[in-house]
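In C-alpha coordinates, one chain follows: the form predicted alone.
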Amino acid sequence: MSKERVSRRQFLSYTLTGVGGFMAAGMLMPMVRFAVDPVLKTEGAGNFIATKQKVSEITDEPVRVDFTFKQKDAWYESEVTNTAWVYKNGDKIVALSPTCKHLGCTVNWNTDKEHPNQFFCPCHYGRYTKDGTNIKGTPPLHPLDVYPYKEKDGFLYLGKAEPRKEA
(Lines give C-alpha, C1' and ligand atoms only; values in the text may rest on other atoms or scores of the structure.)
Protein backbone atom coordinates (compact mmCIF):
# COMPACT_ATOMS: atom_id res chain seq x y z
CA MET A 1 0.00 0.00 0.00
CA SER A 2 1.21 3.45 -0.84
CA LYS A 3 2.25 5.70 1.98
CA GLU A 4 1.11 8.82 0.10
CA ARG A 5 -2.28 10.06 1.06
CA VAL A 6 -4.86 11.21 -1.48
CA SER A 7 -5.73 14.83 -1.12
CA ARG A 8 -9.30 16.09 -1.21
CA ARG A 9 -8.67 17.73 -4.55
CA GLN A 10 -7.38 14.45 -6.08
CA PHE A 11 -10.31 12.50 -4.61
CA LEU A 12 -12.87 14.93 -6.08
CA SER A 13 -11.03 14.97 -9.40
CA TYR A 14 -11.04 11.14 -9.62
CA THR A 15 -14.68 10.92 -8.53
CA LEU A 16 -15.92 13.55 -10.99
CA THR A 17 -13.92 12.02 -13.84
CA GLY A 18 -15.39 8.58 -13.09
CA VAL A 19 -18.96 9.89 -12.86
CA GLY A 20 -18.52 11.98 -16.03
CA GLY A 21 -17.13 8.97 -17.92
CA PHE A 22 -20.02 6.81 -16.73
CA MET A 23 -22.55 9.42 -17.89
CA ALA A 24 -20.80 9.85 -21.27
CA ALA A 25 -20.83 6.07 -21.81
CA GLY A 26 -24.54 6.02 -20.95
CA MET A 27 -25.21 8.62 -23.64
CA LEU A 28 -22.91 7.12 -26.29
CA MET A 29 -23.97 3.46 -26.04
CA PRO A 30 -27.42 3.95 -27.61
CA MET A 31 -25.82 5.90 -30.47
CA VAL A 32 -23.22 3.20 -31.05
CA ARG A 33 -25.88 0.49 -30.98
CA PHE A 34 -28.04 2.49 -33.40
CA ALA A 35 -25.10 2.70 -35.83
CA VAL A 36 -23.92 -0.91 -35.48
CA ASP A 37 -27.25 -2.76 -35.22
CA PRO A 38 -28.18 -2.66 -38.94
CA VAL A 39 -24.78 -4.13 -39.82
CA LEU A 40 -25.20 -7.07 -37.45
CA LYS A 41 -28.84 -7.77 -38.32
CA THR A 42 -29.42 -10.66 -40.71
CA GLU A 43 -31.24 -9.66 -43.83
CA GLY A 44 -34.23 -11.53 -45.20
CA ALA A 45 -33.16 -10.83 -48.78
CA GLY A 46 -33.62 -13.66 -51.18
CA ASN A 47 -36.88 -14.78 -49.63
CA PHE A 48 -39.51 -15.70 -52.15
CA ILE A 49 -43.16 -14.92 -51.46
CA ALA A 50 -45.90 -17.30 -52.50
CA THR A 51 -48.58 -16.06 -54.86
CA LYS A 52 -51.94 -17.71 -55.48
CA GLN A 53 -51.08 -18.01 -59.18
CA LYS A 54 -50.69 -21.55 -60.49
CA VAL A 55 -47.83 -21.82 -62.97
CA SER A 56 -49.94 -24.07 -65.23
CA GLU A 57 -52.49 -21.25 -65.64
CA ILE A 58 -49.98 -18.63 -66.82
CA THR A 59 -50.39 -17.80 -70.51
CA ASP A 60 -48.67 -15.47 -72.97
CA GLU A 61 -51.11 -12.68 -72.02
CA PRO A 62 -49.95 -10.58 -69.01
CA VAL A 63 -52.16 -11.01 -65.94
CA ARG A 64 -52.09 -9.08 -62.70
CA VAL A 65 -50.92 -11.19 -59.76
CA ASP A 66 -51.27 -9.86 -56.21
CA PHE A 67 -49.16 -11.21 -53.36
CA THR A 68 -49.13 -10.33 -49.68
CA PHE A 69 -46.28 -10.36 -47.17
CA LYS A 70 -45.56 -9.09 -43.67
CA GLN A 71 -43.37 -6.02 -43.39
CA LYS A 72 -41.74 -4.97 -40.16
CA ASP A 73 -41.05 -1.27 -39.75
CA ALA A 74 -39.19 -0.77 -36.46
CA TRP A 75 -41.77 -2.06 -33.97
CA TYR A 76 -44.77 -1.86 -36.33
CA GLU A 77 -45.64 -4.94 -38.36
CA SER A 78 -48.13 -4.72 -41.21
CA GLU A 79 -49.34 -6.74 -44.17
CA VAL A 80 -48.39 -5.28 -47.54
CA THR A 81 -49.92 -6.29 -50.85
CA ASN A 82 -47.80 -5.93 -53.99
CA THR A 83 -48.61 -6.61 -57.60
CA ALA A 84 -46.78 -8.10 -60.55
CA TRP A 85 -47.65 -8.48 -64.22
CA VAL A 86 -46.92 -12.10 -65.10
CA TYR A 87 -46.90 -13.92 -68.45
CA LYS A 88 -45.05 -16.69 -70.28
CA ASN A 89 -42.53 -15.98 -73.00
CA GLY A 90 -41.98 -19.44 -74.48
CA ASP A 91 -40.96 -21.65 -71.55
CA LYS A 92 -39.78 -18.71 -69.48
CA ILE A 93 -41.98 -16.81 -67.03
CA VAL A 94 -41.71 -13.02 -67.01
CA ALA A 95 -42.81 -11.12 -63.88
CA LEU A 96 -42.75 -7.33 -64.19
CA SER A 97 -43.18 -4.66 -61.55
CA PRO A 98 -46.19 -2.41 -62.20
CA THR A 99 -44.33 0.69 -60.96
CA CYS A 100 -43.55 3.19 -63.71
CA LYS A 101 -39.90 4.25 -63.75
CA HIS A 102 -40.86 7.87 -64.48
CA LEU A 103 -42.68 8.96 -61.32
CA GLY A 104 -43.78 5.72 -59.66
CA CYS A 105 -47.36 5.53 -60.92
CA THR A 106 -48.94 2.14 -61.59
CA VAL A 107 -48.87 0.85 -65.15
CA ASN A 108 -51.65 -1.30 -66.59
CA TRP A 109 -51.67 -3.72 -69.47
CA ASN A 110 -53.59 -2.93 -72.67
CA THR A 111 -55.60 0.03 -71.35
CA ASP A 112 -54.59 2.63 -73.96
CA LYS A 113 -56.87 2.28 -77.01
CA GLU A 114 -54.42 4.15 -79.28
CA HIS A 115 -51.56 1.80 -78.37
CA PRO A 116 -52.90 -1.74 -77.77
CA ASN A 117 -50.83 -4.55 -76.26
CA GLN A 118 -48.56 -2.22 -74.30
CA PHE A 119 -48.16 -1.29 -70.66
CA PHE A 120 -49.55 2.21 -70.17
CA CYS A 121 -48.93 4.72 -67.39
CA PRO A 122 -51.87 7.15 -67.13
CA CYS A 123 -49.93 9.79 -65.15
CA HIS A 124 -47.82 11.14 -68.01
CA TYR A 125 -48.74 8.78 -70.85
CA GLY A 126 -45.68 6.60 -70.48
CA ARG A 127 -45.60 3.36 -72.45
CA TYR A 128 -43.72 0.07 -72.26
CA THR A 129 -43.62 -2.89 -74.63
CA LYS A 130 -44.86 -6.29 -73.45
CA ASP A 131 -41.39 -7.25 -72.17
CA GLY A 132 -41.24 -4.08 -70.03
CA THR A 133 -38.91 -2.08 -72.28
CA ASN A 134 -39.61 1.64 -72.21
CA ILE A 135 -40.70 3.11 -75.53
CA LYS A 136 -38.37 5.88 -76.64
CA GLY A 137 -40.04 9.26 -76.87
CA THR A 138 -42.30 8.64 -73.87
CA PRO A 139 -41.54 9.88 -70.33
CA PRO A 140 -40.04 6.73 -68.73
CA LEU A 141 -36.29 6.58 -69.22
CA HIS A 142 -35.78 3.03 -67.90
CA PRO A 143 -37.48 -0.35 -68.37
CA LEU A 144 -39.80 -1.86 -65.76
CA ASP A 145 -38.17 -3.78 -62.91
CA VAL A 146 -38.39 -7.58 -62.97
CA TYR A 147 -39.18 -10.00 -60.18
CA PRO A 148 -37.01 -13.09 -59.85
CA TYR A 149 -39.27 -16.12 -59.65
CA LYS A 150 -39.32 -19.79 -58.85
CA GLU A 151 -41.89 -22.53 -59.03
CA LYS A 152 -42.74 -24.62 -55.99
CA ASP A 153 -45.57 -27.14 -55.70
CA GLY A 154 -47.09 -25.78 -58.92
CA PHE A 155 -47.37 -22.21 -57.60
CA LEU A 156 -45.41 -19.11 -58.53
CA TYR A 157 -43.09 -17.55 -55.94
CA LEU A 158 -41.72 -14.04 -56.45
CA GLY A 159 -38.62 -12.40 -54.97
CA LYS A 160 -37.76 -8.72 -54.56
CA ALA A 161 -38.03 -6.61 -57.72
CA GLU A 162 -34.70 -5.82 -59.34
CA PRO A 163 -33.78 -3.20 -61.94
CA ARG A 164 -33.30 -4.63 -65.39
CA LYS A 165 -30.22 -3.99 -67.44
CA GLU A 166 -31.01 -1.95 -70.52
CA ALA A 167 -30.21 -3.45 -73.88
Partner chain sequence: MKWIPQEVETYLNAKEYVDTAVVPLYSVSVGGEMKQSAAAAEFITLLTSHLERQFTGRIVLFPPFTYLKNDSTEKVFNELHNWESSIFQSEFKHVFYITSEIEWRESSEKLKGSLIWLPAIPLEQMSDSQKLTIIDSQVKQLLTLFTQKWHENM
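Numbering follows the first chain given and starts at 1. This is a predicted model, so every value here is computed, not measured.
Omitted here: the form predicted in complex with the partner chain. The next part is about that form.
*Asks:* Does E77 make contact with the partner chain in the model of the complex, using a 4.5 Å heavy atom cut-off?
*Replies:* No, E77 stays farther than 4.5 Å from the partner chain in the model of the complex.
*Asks:* Does the partner chain come within 4.5 Å of any heavy atom of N110 in the model of the complex?
*Replies:* No, no contact at 4.5 Å.
*Asks:* Tell me, yes or no, whether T81 is in contact with the partner chain in the model of the complex, where a contact means a heavy atom of each within 4.5 Å.
*Replies:* It does: once the partner chain is placed as it appears in the model of the complex, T81 has a heavy atom within 4.5 Å of it.
*Asks:* In the model of the complex, does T129 have a heavy atom within 4.5 Å of the partner chain?
*Replies:* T129 lies outside the contact set for the partner chain.
*Asks:* Does the partner chain, in the model of the complex, lie within 4.5 angstroms of each residue among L103, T106 and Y125, using heavy atoms as the measure?
*Replies:* The answer is yes: all three residues contact the partner (heavy atom, 4.5 Å cut-off).
*Asks:* Which one of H115, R64, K54, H142 is close to the partner chain in the model of the complex, taking close to mean a heavy atom within 4.5 Å?
*Replies:* Contact with the partner chain in the model of the complex is made by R64 alone.
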